[in-house]
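First, one chain by itself in structure tokens, the form predicted alone.
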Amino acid sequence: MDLYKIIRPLLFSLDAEKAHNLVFWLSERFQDWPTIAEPKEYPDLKTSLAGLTLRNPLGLAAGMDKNARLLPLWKSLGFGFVEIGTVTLKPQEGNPRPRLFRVTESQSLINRLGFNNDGALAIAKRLENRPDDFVVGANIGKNKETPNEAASRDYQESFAILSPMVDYITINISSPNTPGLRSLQDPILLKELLKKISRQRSQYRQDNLPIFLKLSPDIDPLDAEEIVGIVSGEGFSGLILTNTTTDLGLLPESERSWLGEQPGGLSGPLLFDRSFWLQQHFLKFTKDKMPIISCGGITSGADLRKVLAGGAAAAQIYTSFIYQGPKVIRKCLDFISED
């Protein structure tokens, strides 16, 4: 029985963020029950990512479990790995509400949450009790009030706090919901930032810890070769492509007339083609020497197979989990396991 199919109408009758908080409140109380989920294992889908062994290549993207509250649940549901965050150095409330919106006709989300999280120290403490034999990454960003010229401090200090507690780190410079953050994708600023983070990794003797860089789908494709060179030159492990897009023009007019000029990032199936194209574009320059995690609009087993066959080392979902529930995990993995 698909329990999520039964409760989804109730959840979707609530404000999107209220529904999210309700699900997390309930899940925290029941996630340790031995019968909460019946995970299916896929021995044929075991894979490697930047030296990490994943039980399968399908992960949960950052943004869902910002504060590392449901790690046992994600493991029991069958994800191959999970990325928590985005985590900032200091706790912050994020942007004013309402800040999360469903566009149900296209199974999309628009969010302008603004890195709401408990802060690096609290989340590191929570990670002390993380599940065994389950790959967990931490996505880190800068606090809203931190100016870009001081952003490296936030990333360095968050890295120092979280790196001993996780299996990999992702540097998030691509969220559209922190003013000025995306300007750090400029190659000149990016090189300086990554150099400082790389120095921090060496200082803390974390040279073997994989570090990924998450990029925007709205990035200038002409910068791809230079960005790959910077990421590789600073010893980073790979890329995550992509974050959400600010191009709300992807939505049909009938689905955005009520939005006005609502700022935020769009996720969901409308993003798939753009994200996949960017993945293919970057692969021209990585030349299979740098793994790419595909993230953006994956809603089916066919989508998952396409990005993996197209060269991605692994993939992440977010919005499709909101609309389809836990069944999307098995649906995707069953599809590629039959190949």
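Counting begins at 1, following the sequence as shown. On a predicted model such as this, the values are computed, not experimentally measured, just so you know.
Keep in mind that the form predicted together with a small molecule is not shown, yet the notes after this line are about it.
- A residue is said to contact a partner when one of its heavy atoms sits within 4.5 Å of a partner heavy atom; G80 fails this definition for the small molecule in the predicted bound form, lying far away.
- The shortest heavy atom separation between L304 and the small molecule in the predicted bound form exceeds 4.5 Å.
- By the criterion of a heavy atom within 4.5 Å, L109 is counted among the residues contacting the small molecule in the predicted bound form.
- Interface membership of G238, defined by any non-hydrogen atom within 4.5 Å of the small molecule in the predicted bound form, is ruled out.
- Taken together, the three residues K66, T244 and T319 all come within 4.5 Å of the small molecule in the predicted bound form, as judged by their closest heavy atom.
- Residues of just one listed stretch (186-194, 109-117, 202-210, 246-254) have heavy atoms within 4.5 Å of the small molecule in the predicted bound form: 109-117.
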